[in-house]
Structures are given as structure tokens and as C-alpha cells.
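Look below for two forms of one protein chain, each set out as C-alpha cells: first structure 1, then structure 2.
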Structure 1
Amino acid sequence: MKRKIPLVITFIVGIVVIISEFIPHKPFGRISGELENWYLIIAGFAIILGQMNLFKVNLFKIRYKQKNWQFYIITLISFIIMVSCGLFWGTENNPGLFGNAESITSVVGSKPFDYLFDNIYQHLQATMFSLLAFFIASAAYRAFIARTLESNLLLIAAILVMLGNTSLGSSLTCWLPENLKFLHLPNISSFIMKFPTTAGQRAIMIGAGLGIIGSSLRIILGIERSYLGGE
């Protein structure tokens, strides 16, 4: 019974939401709106549960001094500081439990939460993305190794696109006559990005959409039950 009730609720909610997309009139539109509000409420509690789980997992790793356990201490301290600043003094447009922290704002120029977010978190985020550039370059190098027909086409297209977006590419083909303008590297690069690349992206989006539809139907019909905790 504990499993049948969630399956029935999932089926009813899924059918109502699907119907409301095709018949956005009473009562389906109103019911769908209420269900979306319930979803936001449940998601809020899920965030709290996730925060509690974050503490539990990190404390476990610190207690048993697993590999790199010192970093988990930094994670918990950072989490506590940010949450405390947000609760006590609020964010840019929202007051906290202790007001708007006028005394602190007059010194640092903004609320503690906003100051830490702008001057620490965003810089750490930029550092992380800059490190990802090296991994992207490494992955691109491995992908561009000419081993098969597909990798050869990928390599040629990548070279043409990169050259077409540089001044070197323009200078290499600027001598071609006007009737061969379509062979200019910038025009070739623009053609590849506009047609083959767009077509590939749309194919991927269509495939992802069909996958989402299939997964949703499996959940609504009760075929996929992993969200119940497994069997």
C-alpha cells in the first residue's frame, strides 16, 4: 500500500498536467497551477533535506578522516558562514533576522552575504571555469585525432571554423575572386555553424525531448519506480 498510493498520486498528477497543456481552461488550468505551487513547497523542503544530508556526509568523512578530509571542514565552515549571513542580515533586497546590517554595510559597502558572494564566490567560480578550459582543450585534442572517417570530418570542420574566425583565415583566402566568394574561410566557417551545426543541435534536442517524453511516461505509468527508493 505504501508503494501503490505514491504511484496513484503520480499517475493522477501527471495526467492532469498533460491535459492542462492541451486544455488550459477550468478546472485543469487552475488545478495545474495549484500542483505547481505544491511542487515549489516540496522542493523547498527537499533543499532543507539536502542541506541536512550535506552536513551528515561531510561530518562522517571528517569523523573517520577520509582522504582530503580537511577540505570537508572548509566546506562546512563556508556553508555555515553563508547561511548565517543570509539569515541574520539578509540579502540585497531582503532584510534578515537582525535587520539590514547598516553598520557593516557602511564599512564594506554591502551586506555580508552579498559581499562574500561578490568578492569570494564569484572569483572562485571564475577560477573553476578557467581550470575547465584545460580539460576542454585536452578533450578536444583527443577528439580531433584522425582515426576514423567521423573524426576526420570533425577535425576538418574544426580547423575550418577556427581559421574562419581569425584574421589569418581571412588573409589566406582574400585573394580569391568575387565569383568564388563562397570559398572564403569566413564564409565557410559561417556556413558550417549555420547549417550542419544547427542541424546537429536540433537533432540532439529532438532526441533529448523524445527521451524526456519516454522517461515521463514510464514514471506516470508506474513502470519506472526508482523515485520510490528501489525495489
Structure 2
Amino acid sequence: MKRKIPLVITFIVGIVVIISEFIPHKPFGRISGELENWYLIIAGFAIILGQMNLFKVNLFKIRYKQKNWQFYIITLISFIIMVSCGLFWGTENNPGLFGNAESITSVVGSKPFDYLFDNIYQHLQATMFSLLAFFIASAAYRAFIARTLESNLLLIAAILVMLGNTSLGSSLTCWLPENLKFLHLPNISSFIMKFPTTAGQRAIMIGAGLGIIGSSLRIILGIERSYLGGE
């Protein structure tokens, strides 16, 4: 019962959504539209569930004094501060439970939630991703050891694309005569992106698309049941 009903729900819902594409009239079109609205609302609750689970997991780590447990206190505090600021005083265009925070805005310059977002969150996010530049450089050193034809192609394509998108690359080949303009680095970069890269991306998209279609069918028909969890 606990497993069969969810399987029936998945089957009916999946089939209705697919049928509505081919029969967009009543009742399928309307049911499908309503289901997509429901999906949005339940997905919202799923995100809330994720945040609450993060809170719970961190709380357990602190309670049982797991390794580096002190740092998880910081996670919880920053989570509570961000949520409180957002819910009590709202965001840029949305009032919170305590109104629009005019008095705080006149002192700080923006709402507390936006202040935290602009001055801490954005900086942390940008720095965290920029950190990857260093790791990508070290990964490139290992990946670009040109031993085979495949790694040579990878190396040459990456270098040409990078050079073609910088002013240095453009200035290196700007002296080329008109009839050899196709060898100008920005043109080579554009050619690589337009033709061979598109071909590779299309092959991946078609392969992945077929895989997703197969997986969707397996789920709708109840062959794939791992999402229900084990019991």
C-alpha cells in the first residue's frame, strides 16, 4: 500500500502529462496545466525541506560533537540570521512580517537581507568560484600532457578558443592578408565553436536526450522505483 499507491500516482500523472501534449483539449490540457502548478508549489516545499534537513543535520553534528563541530554552529547562526532578516524585514521589493524596515534602511542604506546578500554572500560566492581558476590551471597542466591524438585535439581546441577570445590572440594574427583571414585567431575560434564543437555537443545532447527519455519511461511504467527508497 505504502509503495503501490505512489507507483500508481506516478503512472497516472506521467501518462496524463504526455497525453496532454497530443490531446491538448479538455480534460487533459487543463489537468496537465494544473499539475504543473502543483509541481511548482510542491517543489517549493521540497526546497524548504532541503533547508530544514540541512539545519537538522548540522544540529546533530553539534549535539554529538562530531569532528569540527564548532564550525557548524557558524553555519546555523548565519542561516538563522539570513532567514530572520528575510522573513522579518523582507527583501528589496517584498515587505516582511515587521513591514518594510524603513528605519533600518535609512541607517544601513538597504534592507538587512539585501545588505547581507550584497556585502557578504555575493563576495563569498564570487571568491569561491574564482578559486577554481587556480585548480583549473593545475588540472589543465595534467590534462594537457599531449600523449595521444585525443589529448592533442583537446589541448589545441582549448588554446585556440582561449586565444581567439582575447585581445592578445587577435593582435597575433591581425597582420594576415585578406585572403587568409580565415586563419585569424578569432575566426578560427569562432569556426571551432560553430562547427566541430556544435557537432560534439549535439551528439552528447542526442545521447543524453535518449537516455532521459528511456529513464522517464522506466519511471512512469514503474520499472525504476529507487525514488521510493528501500524498506
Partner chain sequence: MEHFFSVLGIWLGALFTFAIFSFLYKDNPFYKVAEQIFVGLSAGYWFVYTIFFILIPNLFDPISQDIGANWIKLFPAALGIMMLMRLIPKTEWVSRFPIALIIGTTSGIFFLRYLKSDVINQLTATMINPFAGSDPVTIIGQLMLVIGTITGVIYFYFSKKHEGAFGVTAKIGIYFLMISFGAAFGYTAMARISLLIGRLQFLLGDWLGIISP
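Model, not experiment: these values are computed from the prediction. Start at 1 and count along the sequence of structure 1; that gives the residue numbers used here. We call the rigid core whatever largest set of C-alpha positions still superposes within 1.5 Å between the two forms.
Undergrad: Just checking, which of these two is the form predicted in complex with its partner chain?
TA: Here the form predicted in complex with its partner chain corresponds to structure 2.
Undergrad: If you line up the core, does P177 shift 2 angstroms or more at its C-alpha between structures 1 and 2?
TA: The answer is yes; the displacement is at least 2 Å.
Undergrad: Tell me whether I23 is among the residues that move between structures 1 and 2 (Cα shift of 2 angstroms or more, core superposed).
TA: Comparing the forms between structures 1 and 2, which are aligned on their rigid core, I23 does shift its C-alpha by 2 Å or more.
Undergrad: Any chance the CA of S32 moves 2 angstroms or more between structures 1 and 2, core superposed?
TA: Stays below the 2 Å threshold, so no.
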